[in-house]
Ligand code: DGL
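What follows is one chain in structure tokens, specifically the form predicted alone.
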Amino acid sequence: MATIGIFDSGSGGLSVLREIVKVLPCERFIYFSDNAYCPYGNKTREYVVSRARTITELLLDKGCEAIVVACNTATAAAIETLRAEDSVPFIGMEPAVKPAALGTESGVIGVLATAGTLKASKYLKTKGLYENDVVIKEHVGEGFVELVERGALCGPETDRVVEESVRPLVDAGADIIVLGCTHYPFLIDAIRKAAGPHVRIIDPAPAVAGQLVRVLRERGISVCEDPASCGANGPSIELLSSGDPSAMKKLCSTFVGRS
């Protein structure tokens, strides 16, 4: 059984853990929510790097053999530093601009992300590869992270907040919207409602889960992808946080029978 660390500024990275558990159902996972310092999107790069280093040290002390930076902002700000300082593999997030650009029929794609992600060089480099071929409209998901951290995934207030950020992308002609923050998939129902039935929503989490599996194989880290063959009852998940863990535990329980 491999031990895999996952961290985010809050509970949003659980949307990535949810996909990882589907492809690695027998492993030990340690998830760290840095919700006492959430959100990261409005913090400086230096601040985010400092938090990422602190969390990485904690996860390594607990025996993690690979770490998923399940946060777009932390990936953009800190993953190269983390890779330079530690030998374990780090898997990060990246807004799925490429599949959106290749799949759009209207020629317009939307990107929902935090302000930190939209300003980061990693995102800007990816955007630059495709912006001559398609129109890329961006919008910060104002209030999205806070909704998820409160567990307010549905209801009139959630619909209103989500509508305010999604509607400008749809009005601009986007037929595909990329989710550039791991918190946002937990608001997928409200996002689809605001976008309408003809707009495709891309969550990059399944691709990240696939990349993790490939990296583990390349590094020779043994994992079991078939629960029947190892007799496992399910994944082992340890939830840690720098603040109140209640929202994180509630979200985790929606896709794992125990938290």
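We number the residues from 1 along the sequence you see. Predicted, not measured: the structure shown is a model, and the values here were computed from it.
From this point on, the text means the form predicted together with this ligand, which you will not see here.
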This ligand: the contacting residue among Val145, Leu169, Val97, Ile176 in the model of the complex [heavy atom, 4.5 Å]: Val145
Location of this ligand contact in the model of the complex, chosen stretch of 32-40, 210-218, 50-58, 189-197 [non-hydrogen atom, 4.5 Å]: 32-40
4.5 Å heavy atom contact, Cys181 and this ligand in the model of the complex: yes
Sequence-ordered residues of 157-179 touching this ligand in the model of the complex, heavy atom within 4.5 Å: none
